[in-house]
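In structure tokens, the next block holds one chain alone, the form predicted on its own.
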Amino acid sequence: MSDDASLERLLEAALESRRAQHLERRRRVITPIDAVHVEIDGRRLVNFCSNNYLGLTHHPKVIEAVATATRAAGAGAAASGLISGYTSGHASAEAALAAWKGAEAAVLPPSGYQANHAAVQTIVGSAEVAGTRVRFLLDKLAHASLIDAVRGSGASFRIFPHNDLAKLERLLAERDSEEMQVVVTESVFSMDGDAAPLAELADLKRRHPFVLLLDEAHGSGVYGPNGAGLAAELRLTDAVDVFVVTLSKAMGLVGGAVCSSRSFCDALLNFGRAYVYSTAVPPAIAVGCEASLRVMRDEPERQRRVRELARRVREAVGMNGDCPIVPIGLQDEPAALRAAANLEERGLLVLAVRPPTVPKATSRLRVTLSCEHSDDEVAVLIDAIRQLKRVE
């Protein structure tokens, strides 16, 4: 048997295993209509599963900025930032992002996934040159990109139970005097919509010094003055050594950003392979990034609106807080798939999230809210969720 035939058999067996467990992933063709409505197979649905928290994907000022820049600078960067892909638009966006995050500098990798990899690679690469050992301490529910980055770095690491500061403190106390410890977590966790105990982490950092790498993908835009994030809202910016954000959530674009000291960002250009060997984001995206930042500053009612809708939905399903990520636990995979299909019949697009994205026996619907959702649409959503819970 040829190797290509063997490969096909291997692939089909792996996919059949996923199908048997109700875990196979497939894409659907979706036609966007506006910030919160899509069309699938000729049906108009209310989109409750995107991360478009502030509706900026369709904001006229963001669209116009991207369109104008595309006409001027072209559709793509055509090279990495270290060759010829770094334009005045990129430089301006990085300066704006750094100021927004209260950092000295910023770098724009092509995605949030690559931004996390580049940040970790920068720490490990710099440590190797300096002859210093690094140990990463990761929250168990940290995003897959962070886990992949740390595991792939070759550095030592430990995973601590979600938000378990007592365990984290015990791990920190084990420190070898020659070892630099890096705590890696998210400000707002992408699947549960809960927050890291940032104030307690800042206090812990004073007792057991460590480097704090904070992924603010889902906190940025929703929290803080001008959407600067949860750390900014809690006035804990100074406790964070490295911020990672994405342009693809509240900012409505694509790409990622690492915001930190000038030295860290300079080191990233040398050791952050995920940035060094990637084509830069299109110049138009960099320009659009600044447009999104201006909208956040000029239209704070968008942040207030999405948080108010989140409180409304969370209260209705017995949850506290105002995070626009609302998990509806259904445990088993078939139940989650049935629930998603039930909501779609009612005109609501809410996808089932299953392992390995979430731990076994924690399959769920992951509802996400936007400031662009109407009161009536949210009322329909609440009624549909309540009916699901009654069926359970």
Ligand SMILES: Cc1ncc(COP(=O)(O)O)c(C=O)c1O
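The numbering used is simple: start at 1 and walk along the sequence shown. Here the structure is a predicted model, which means the values were calculated and not measured.
Note that the form predicted together with the named molecule isn't included here; everything after this is about it.
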Practice prompt. Would you kindly say which of Gln121, Ser145, Gln181, Asn163 lies with a heavy atom within 4.5 Å of the named molecule in the predicted complex?
Written response: Ser145
Worksheet item: So which of Gln303, Ser190, Thr87, Ser278 reaches within 4.5 angstroms of the named molecule in the predicted complex, heavy atom to heavy atom?
Response: Ser190
Worksheet, complete the sentence: Note: the named molecule not shown here; in the predicted complex, the stretch from 163-171, 124-132, 109-117, 221-229 having heavy atoms within 4.5 Å of it is 109-117
Practice prompt. Give a yes/no on whether Gly255 approaches the named molecule to within 4.5 Å in the predicted complex, heavy atoms considered.
Written response: yes
Item to complete: With heavy atoms only and a cut-off of 4.5 Å, decide whether Ala217 touches the named molecule in the predicted complex.
Response: yes
Worksheet item: Should Ser260 be classed as touching the named molecule in the predicted complex when contacts are defined as heavy atoms within 4.5 Å?
Response: no
Worksheet item: Is Ser153 close to the named molecule in the predicted complex, meaning a heavy atom pair under 4.5 Å apart or at it?
Response: no
Worksheet item: Out of 242-281, which residues reach within 4.5 Å of the named molecule in the predicted complex, heavy atoms considered?
Response: Thr246, Ser248, Lys249, Gly255
